[in-house]
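Structure 1 and structure 2 below are two forms of the same protein chain, each written out on its own as structure tokens.
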Structure 1
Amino acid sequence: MVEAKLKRFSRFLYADPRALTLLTLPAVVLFSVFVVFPIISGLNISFTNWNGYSQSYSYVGIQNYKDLLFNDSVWTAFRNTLVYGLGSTAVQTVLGLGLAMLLVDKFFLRGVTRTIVYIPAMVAQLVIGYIWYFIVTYERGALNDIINLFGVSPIDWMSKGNRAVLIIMLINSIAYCGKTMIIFIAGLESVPNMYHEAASIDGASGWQAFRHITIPLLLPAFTTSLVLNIIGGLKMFGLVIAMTDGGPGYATHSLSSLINTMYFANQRAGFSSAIGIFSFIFIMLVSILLRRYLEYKDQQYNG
């Protein structure tokens, strides 16, 4: 009896593909303990008026979620998050694709240039923020020094909320476009040369070849960079903190930095957790769309 069970078990291990799922165990355990559990406890906090540090608090039902709907700063942060995510995607796609086209084929300065473009992508957001602060700052700012040469009087670049959001988005795009560039270089390298040769034999112009051959074949690269940039936008924290600390007012906060500020500085842990859950739901929606894409891709390979 026991033997038969053992035998069945070893058959299961040996041949049943379901057994392979056991390989995910270490990852799943870590994931449950350090991600799922904290999220559930965050959900619990979101129904309280906890200040984030006291040993006592009371439950306030869905009050925090109601507040969230009418809170301007939450919606500003949500909009900013989209600007940071989608705006960076747009700028980086143009910039990254251009750089990739320039740096895909071999020439003398290719290696050096690639490295220089990629280096900022490896630097912490906080540091990037501090460095760029010295460029866009009013007093002795490097950018103002330059426009001064053309006789323009200095500008206090980050003083207006919307302009500051755009500048942060641009800095994020420029600093991290190395990542997009690498993805596109990889994409271009995987476009078989024969397509281009066939096109040039057919007499297609450079632009036509680019429009009808390169772009469609680069679609997977576009999608990957979209995914990575949206994640980057959602996680945007260090850059905002270093450049403006979310100000003026709440004008430049991303969801991430707003959650942090609400939790610790404003001492509204319950409300902050509600924003966290709200962004989590939003993220899940994005991730469902992403899963659709993965399934679609899967069918392309296996179907």
Structure 2
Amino acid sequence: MVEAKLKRFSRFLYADPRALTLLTLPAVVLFSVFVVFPIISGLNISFTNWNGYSQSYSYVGIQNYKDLLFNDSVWTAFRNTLVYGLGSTAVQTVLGLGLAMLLVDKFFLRGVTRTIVYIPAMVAQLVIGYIWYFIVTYERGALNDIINLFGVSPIDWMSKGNRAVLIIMLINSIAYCGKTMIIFIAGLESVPNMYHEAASIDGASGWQAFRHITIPLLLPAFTTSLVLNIIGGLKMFGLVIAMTDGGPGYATHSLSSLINTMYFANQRAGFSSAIGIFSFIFIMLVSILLRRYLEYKDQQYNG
């Protein structure tokens, strides 16, 4: 009976194309309200000198975008964003692929191990940031308490901007490598065993089989993983706010956290919106170019 109803529904959809439009209408409305309208509104604000609170403001043209090009804090945040995005993606890919290859085979407590590795990816980034803050903080930090047991003086881990940026990047990579692991496990489980068996018969080493069989067949998984990871890294916000709030000074800000600071702390909503539009365009371009490159490599290997 259910199957008959589904068939009638399918015939109805094919008979009246307008029905498909009606089915997609709720999604289009939601997307417009929560994505398209905020982008248009942000673009409009980026051409103003609005402070974020006043009911009046004036249009200043592209002045905010000119200020963006010559603002040292913006370029520091942009450099940090590249480190967070590219660095986290590289480390997550290596860790995720390694864990996937270890956990793809059946063994006792495999499911539990997978769950433990993946759990941090389910926790909000802000929560992870506060947990790690109490680990690496100078006074009464868990890490300093541990090294004290070995007679080592406490270290102010987050006092230097470059070191703090690397620490945040590594924490993000460790926390979310489980997401990458799941993607690669799905890819590894779809690789037919006959390819590896044929390579073994031909005398190929484990590295040769990995390089010439596993990697090419995992390119779709690489595409999904790399695009998701680089977008997540480039828009990093919670870890930066929780661990350093962009400090010392503006040394650890990402573009996302700098938007927050410029809007609320500096009351420069127009300038903040300009940074947001710049960040949106940059992330979109990077994700599109990366996806197209990986799809091209996939066609080269498997086309």
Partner chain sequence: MKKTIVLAAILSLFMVFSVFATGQKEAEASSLDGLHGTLSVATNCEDPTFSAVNEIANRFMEENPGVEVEYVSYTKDYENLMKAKMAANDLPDVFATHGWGVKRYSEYLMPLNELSFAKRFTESILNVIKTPAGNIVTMPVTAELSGIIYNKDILKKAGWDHVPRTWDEFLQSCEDVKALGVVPIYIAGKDTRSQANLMDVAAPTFLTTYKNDDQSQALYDGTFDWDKWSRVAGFLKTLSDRGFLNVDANTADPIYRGEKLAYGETMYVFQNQAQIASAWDINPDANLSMMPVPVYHEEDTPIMIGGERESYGIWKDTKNKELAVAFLEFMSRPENIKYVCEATSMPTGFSDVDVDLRLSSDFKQYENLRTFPYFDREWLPSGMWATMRSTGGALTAGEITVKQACDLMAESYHSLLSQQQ
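All residue numbers here refer to structure 1's sequence, counted from 1. For clarity, a rigid core is taken as the largest C-alpha set superposing within 1.5 Å between two forms. Quantities reported herein were computed from a predicted structural model and do not represent experimental measurements.
Assignment of forms: the chain in structure 1 is the form predicted in complex with its partner chain, the chain in structure 2 is not. With the core held fixed, the Cα of Thr115 is displaced between structure 1 and structure 2 by less than 2 Å. After superposing on the rigid core, the C-alpha of Ser153 is displaced by 2.3 Å between structure 1 and structure 2.
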